[in-house]
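Quick setup: one chain, the form predicted on its own, written in structure tokens, and binding and motion questions come after.
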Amino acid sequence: MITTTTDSASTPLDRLSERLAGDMEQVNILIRARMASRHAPRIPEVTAHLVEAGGKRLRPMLTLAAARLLSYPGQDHVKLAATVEFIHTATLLHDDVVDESRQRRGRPTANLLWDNKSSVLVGDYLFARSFQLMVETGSLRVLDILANASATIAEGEVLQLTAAQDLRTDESIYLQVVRGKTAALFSAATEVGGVIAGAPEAQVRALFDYGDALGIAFQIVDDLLDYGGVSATIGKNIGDDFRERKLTLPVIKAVARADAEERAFWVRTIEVGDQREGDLEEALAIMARHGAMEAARADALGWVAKAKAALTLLPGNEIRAMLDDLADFVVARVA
């Protein structure tokens, strides 16, 4: 059985945040300055609602950590970390419209408080701001990495639209979706930190591999938490993915092992969308019968091992040790 770990008194993420506090303060100052608009006050209103909602800022921290791990002495990592956060925030605004979400990080979504048009247009504004920040670093390679990541994220979201309610969706398609919508920004965040630090190509590749594997593990765990997390901890209701008919990894594994009766259940609830009282509990029971949750967690652990292996190619220092602990922590959220 999957249980959740809720003790966050001093997690690896907290320790990394403390170590990078000075850089993160500069990132926050830059974010507040760049999300301002003289002519459209709704832009900072909507952006502040999400940016200041108490998120851990994991993705920008990965950029800062990658640069500092390689002893980068400059300031462009701050601009790139803000860029990464703007891209992430823009995708959240758009995702909540697509998913018709009503809650994000335990608070009402921007599309609920304002409207869909505001969320989409402010997301577009943040994408534009992110490209302005990229250009200011003067690195064409950084621009290439983050532009490609932005395109990959959009591609992953569109693929998910077509695959989410199709029981033919298998683990390879799921991985493609996750690489697009989640891991692409993790890997870009770490990779640009290495590029801006002028690291050797092998180290830049190692940073990419770490971010890619960490992002995949992170999304698998997020999908697991949807079926066994604590609402106050993850900021959403348990079973949201089931109610939204999303084929995430635990369900894909259960579908692959289903008998005829179980498959009929998945067709009715996921493909057709005919969900009734007690269906979530039945879905959980089917997944438990086939060990789907435990199998998905094992996959996440495999990706964590790949992330940790990539770190061995990087300088051994305090930040590398923190990134190593962070990889373990991602899966420790479900124990």
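What you see is a predicted model, and the numbers here were worked out from it, not measured in a lab. Residue indices: 1-based, along the sequence shown.
As for the form predicted together with a further copy of the same chain, it is not shown, yet the points below apply to it.
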> With the cut-off set at 4.5 Å between non-hydrogen atoms, does Arg289 touch a further copy of the same chain in the predicted bound form?
Replying inline: no
> Quick one: does Leu175 come within 4.5 Å of a further copy of the same chain in the predicted bound form, counting heavy atoms only?
Replying inline: no
> Does a further copy of the same chain come within 4.5 Å of any heavy atom of Ser150 in the predicted bound form?
Replying inline: yes
> Does the 4.5 Å heavy atom contact test between Ala305 and a further copy of the same chain in the predicted bound form come out positive?
Replying inline: no
> Heavy atom within 4.5 Å of a further copy of the same chain in the predicted bound form: which of Val204, Val78, Met134, Ala197?
Replying inline: Met134
> So which of Ala258, Ile252, Leu143, Leu225 reaches within 4.5 angstroms of a further copy of the same chain in the predicted bound form, heavy atom to heavy atom?
Replying inline: Leu143
>> Can you tell me which of 290-298, 25-33, 266-274, 41-49 lies within 4.5 Å of a further copy of the same chain in the predicted bound form, counting heavy atoms only?
In response: 41-49
> Which residues, if any, of 147-171 lie within 4.5 Å of a further copy of the same chain in the predicted bound form when only heavy atoms count?
Replying inline: Ala147, Asn148, Ser150, Ala151, Ala154, Glu155, Glu157, Val158, Leu159, Leu161, Thr162
